[in-house]
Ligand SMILES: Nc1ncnc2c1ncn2[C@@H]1O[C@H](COP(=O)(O)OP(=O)(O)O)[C@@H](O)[C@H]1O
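The chain below stands alone and is given in structure tokens; this is the form predicted on its own.
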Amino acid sequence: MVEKDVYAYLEHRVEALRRTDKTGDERKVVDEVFDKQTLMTLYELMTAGMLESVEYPISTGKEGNVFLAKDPDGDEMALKIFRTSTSTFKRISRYIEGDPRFKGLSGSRRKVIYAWTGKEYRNLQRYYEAEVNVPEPIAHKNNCLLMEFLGENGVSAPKLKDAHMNDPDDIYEGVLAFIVDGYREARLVHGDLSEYNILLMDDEPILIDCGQAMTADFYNAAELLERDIRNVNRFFRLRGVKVTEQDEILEMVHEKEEEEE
């Protein structure tokens, strides 16, 4: 298919590019995210049978934007597209360079961002295989990541900071499992755990935005782990939950390591 036909195809299939009722902010998101290389990546995902259409934006983050998408069967998915801007590059490059899984990575800004996309996909895989409650990863290519959509009828599940909690104590225990099981079973430290990176669906917390998560042998994993605990305890303490003290949580985290010694 020649290039002009590719763009005609994408114009028809990527709904976010041709909606006439977008707000000014939505139009800005489209302009920032859908550069030429990203459009070609979406085309490759479409022709590979993994993606049918991109509907509309559902979340805007520091590094990327999340869109509601559909697969060829019409099932809903989440499509996260990482922006390739200089500011995004500066924020994430230190995490890539410090991660032992990406030793020796160097090159262009786009190459680093592609590696970051792959890093989030692999982190999701590790969490998912360890039965930590995260969206199921589906596929990734370049700066595009496909994963399970968490919501209903095109409406995303709310972030914990905005959600009504029927049983805060039970939800707190679920969030602690992200820290303890994430470390013990997936060997990962999220590093940015807070009410902004947790969704609540059917009273179950779900961990998201895992790109910056580091392996347990990362040079400052212990510092990041303690920061996660402080953030979680601060949020739930303000909501009347009797939280577990940090030292006790750290004992649970390292219990498996102590048993193996």
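Residue numbers run from 1 along the displayed sequence. The model shown is predicted, which means the values in this text are computed figures rather than measured ones.
What follows is about the form predicted in complex with this ligand, which we do not show.
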With the partner removed from view, which of 231-239, 204-212, 217-225, 37-45 is the stretch that lies within 4.5 Å of this ligand in the predicted complex, judged by heavy atom distances?
204-212
Check whether Asp181 has any heavy atom within 4.5 Å of a heavy atom of this ligand in the predicted complex, and answer yes or no.
no
Evaluate Ser194 for contact with this ligand in the predicted complex, applying a 4.5 angstroms cut-off between non-hydrogen atoms, and reply yes or no.
no
Determine whether any heavy atom of Glu63 comes within 4.5 Å of a heavy atom of this ligand in the predicted complex, and answer yes or no.
yes
In the predicted complex, does Leu188 come within 4.5 Å of this ligand, counting heavy atoms only?
no
4.5 Å heavy atom contact with this ligand in the predicted complex for all of Ala78, Pro135 and Ser156:
yes
Within 4.5 Å of this ligand in the predicted complex, heavy atoms considered, which of Leu150, Ala115, Ala163, Leu176?
Leu150
Contact set, 40-60 vs this ligand in the predicted complex - heavy atom within 4.5 angstroms:
Ile58, Ser59
